[in-house]
Structures are given as structure tokens and as C-alpha cells.
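Before any questions on binding or motion, here is one chain by itself as C-alpha cells, the form predicted alone.
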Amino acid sequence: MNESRIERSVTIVVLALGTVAALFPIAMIIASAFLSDNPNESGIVWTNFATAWDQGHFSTYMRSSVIVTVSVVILATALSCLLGYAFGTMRFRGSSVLFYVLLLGLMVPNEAIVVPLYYQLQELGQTNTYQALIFPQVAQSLAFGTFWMRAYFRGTSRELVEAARLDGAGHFRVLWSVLLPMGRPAIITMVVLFSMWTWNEFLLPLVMIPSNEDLRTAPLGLTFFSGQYTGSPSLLAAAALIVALPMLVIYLIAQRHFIRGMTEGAVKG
């Protein structure tokens, strides 16, 4: 009994220390965003956000990030569901080899492909375009998405699928009307992960958008803004919160399904 209490106390202390360590930098940024850089000025300064928004051109950068993120999430989710359904429910020659070849995308770091990819897209005249941001990000997301949805489809009830097929449902009807509605937690978890990865991507926009300022994404714009206002920690903190806010809102909206999907995995859906 005493050991159990000791273990419980140690666990609580470790969790508390971990929580403080994780939240302390975020709390410092939030506090700094609402303070003035002038030590003689006290109180909450709401104008930091408006100043950072205007001077950092974040209306343009946020628009680019929204266009890229929405496009990537829609394309990557649709293709992942189709590929996951094919690999998870169909048996065809070479399916295992194709699946493991596709999984190589999980093992290749962005740094290894971004420079060769830049020269290939430059030859095609696609740098400084949305296509240069969207299609490589979709390709990078497909490996995980296919793996995730394949696990979900392989864990679904075979009897339910066979019953739908006996009622005359084809593959598309089984996928759209039977399996996808049941897999809402797995799909929402995948969508949230795709959104965060795409929104926070920095290296790909930095290389693929060398000169078109209107196509810079929010994290890339934040970097240029940081270079201009290194002497104003409050404006930098406000700009960082502006860039992080959309993903925070998406996570809060989808947290119930996201946590369920992460704890159960894609197997149970």
C-alpha cells in the first residue's frame, strides 16, 4: 500500500514537472505578446497583434497557407482513403510489394529530396507556384495516410462488407456508405495530422518559393518578420501566436476524435 502511494506520488510529480516544462515556453510567449516593449509602459497591449498583422503582411501569408493546407488535406485524404481501401480490402498480385515501396516515403527525409525536387520543378517552370507547394506535400503525406487507412480497413468487419456486397453494393458504395462513416475518428485524426504538418512546413516553401513574396506561407513569413523585428520581442510573440492560432483552433474542435483516434489507432476506427 505504501509502495503504491509512493509510486502514485512520484508519477504525479513527474507528470506535473513534464507539464510545467512543456507549457512554460508557451506561457512566456503568450505573456510577452500582451506586454509592451517599453519598460515604462504597463498593462495589456492589444495593439501588438494588429501591428504584427499589418507590418508582417500576414493577411497574404495566411491566405497562402490556407490555400496550400486545404488543397493538400483534401487531395491527400481522398487518395489515402482510396489507396488504403485497395491495400486493405483487395487481394491482387504485387500488392504487398507496392505497399512496402510506398512506405519508403516514410523513411526518406525532406532534406534529401527537396533540392533535387527544386531543380526538377524549375525545369518544368513550376517553382514560385502553388503547385510546387501542394503536390510535393501531398506525395509526402500519402505514405503515412495509406499506412494509416490500410490498418483501419483491415480492422473492419469482413461480415459487414460481405453483407453490403450481397445487397449489391459495389466497391465505391461499400467505401463511401459503409466503411468511411464508421472510420470517422481515424479519418479526423489523419486530417488533423495532415493539417498540422502542412501548415507548419517550412523547408519546402523556403526552397520552392524563392522570389514570389505573395506565395509565402505563414511560417516562412514569420521567419522574414523575425529578421526585421528582432528588437521587438512583443511583436515577435504576437506574430508567433497569429501563425499558431489556426492549428490550435482546429485541434480544439477535433480534439475528442483526435485523441480517440490516436489512442485506439486506425485499427478500431
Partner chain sequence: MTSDSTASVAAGGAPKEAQPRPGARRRHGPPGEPRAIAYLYILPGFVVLTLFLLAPLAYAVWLSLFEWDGLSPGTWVGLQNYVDVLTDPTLRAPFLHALVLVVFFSLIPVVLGLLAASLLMRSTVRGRGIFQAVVFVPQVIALTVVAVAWKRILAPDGPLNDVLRAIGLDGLARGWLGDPDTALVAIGIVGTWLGAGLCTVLFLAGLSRMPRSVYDAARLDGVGFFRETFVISLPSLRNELAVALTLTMVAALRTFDLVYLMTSGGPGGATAVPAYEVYMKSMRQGEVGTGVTIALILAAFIMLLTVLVNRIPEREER
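Residue numbers count along the first chain shown, from 1. Please read all numbers here as calculations on a predicted model, not as lab measurements. So that the term is clear: the rigid core is the largest set of C-alpha atoms that superpose within 1.5 Å between two forms.
Only in words, not in the display: the form predicted in complex with the partner chain, which the text now covers.
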_Contact with the partner chain in the predicted complex for L23, defined as at least one heavy atom pair within 4.5 Å: yes or no?_
yes
(message) My question is simply whether M247 lines the interface with the partner chain in the predicted complex - judged by any non-hydrogen atom within 4.5 Å.
(response) yes
Q) Is there any non-hydrogen atom of R184 lying within 4.5 Å of the partner chain in the predicted complex? A) no
Contact between A52 and the partner chain in the predicted complex at 4.5 Å, heavy atoms? no
Interface check vs the partner chain in the predicted complex: of I188, V178, A86, V73, the one with a heavy atom inside 4.5 Å is A86
Checked 236 to 252 against the partner chain in the predicted complex; residues with a heavy atom within 4.5 Å, sequence order, are L236, A237, A240, V243, A244, M247, L248, Y251
On a rigid core superposition, would A22 pass a 2 Å threshold for CA movement between the shown form and the other one?
no
